[in-house]
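There is one chain below, alone, in structure tokens, taken in the form predicted on its own.
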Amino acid sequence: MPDPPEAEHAVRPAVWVNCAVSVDGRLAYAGGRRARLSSAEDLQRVQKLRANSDAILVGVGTVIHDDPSLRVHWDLLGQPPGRSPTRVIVDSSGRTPSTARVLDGSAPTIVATSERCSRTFPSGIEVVVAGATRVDLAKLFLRLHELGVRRLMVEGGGEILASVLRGGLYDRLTIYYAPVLIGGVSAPPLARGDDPVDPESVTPLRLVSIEPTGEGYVATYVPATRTELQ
């Protein structure tokens, strides 16, 4: 598996989107309850991606539902602890719980928020304002690049994934497909947001590879043009 791409953009980091889903494309159980979908082999793959990234980004919904640490589990890589990637939380209105592990000061952390947010975050947490009422991801990625982030890993949740993918703000997408079917109505899909209404509304992808990983498999995609779909 290749390392994350080096930054080739003048205005944003190289962005690697990664997630784990069921075979029907669900990120979690009903109502967003956390589903542990990655196999042991995929967890190791994810830790390698984290270790080779300058920053890891998630939305505030992921923080509220899962309370992730967003740290590198060096023990899964058989390595001594190394540099911790910066944690980036997209939180337009300041909903990050005060007890969230991402605010524990154990790793460099940025909270990206909007002008309407009046929340005060703990000392040591860097706040980046990128948008009037909602975080503008394009502006945020520009600011992250200015702060020295050259390789950014985006882990979720569904609204963030949809915004990054549909906005063309990424260079590579890897999806681990777990051999389970979740189904239902309220289990969140990989990409949330507005419903596509015609072929012009979809996000074109180009498949690069499919690799068996544990009991599931990892599919790797890069952005495609609409002409490639014709």
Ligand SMILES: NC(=O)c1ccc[n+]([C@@H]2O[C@H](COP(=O)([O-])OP(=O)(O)OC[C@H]3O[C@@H](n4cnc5c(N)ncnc54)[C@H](OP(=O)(O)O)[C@@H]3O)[C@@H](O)[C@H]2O)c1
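From 1 onward, residues are counted along the sequence shown. Note that the coordinates shown come from a computational prediction; the quantities given were computed from them, not determined experimentally.
Only in words, not in the display: the form predicted together with the named molecule, which the text now covers.
Contact between residue 157 and the named molecule in the predicted complex is found at the 4.5 Å heavy atom cutoff. The named molecule in the predicted complex comes within 4.5 Å of no heavy atom belonging to residue 17.
Taking non-hydrogen atoms only, residue 151 never approaches the named molecule to within 4.5 angstroms in the predicted complex. The named molecule in the predicted complex comes within 4.5 Å of no heavy atom belonging to residue 139. Here is the short version: of 49, 205, 43, 37, the single residue with a heavy atom within 4.5 Å of the named molecule in the predicted complex is 37. Look at 92-100, 117-125, 75-83, 143-151: in the predicted complex, residues with non-hydrogen atoms within 4.5 angstroms of the named molecule sit in 92-100.
Applying a 4.5 Å heavy atom cutoff to the named molecule in the predicted complex picks out 59, 60, 61, 62, 65, 66 from 53-71, in order along the sequence.
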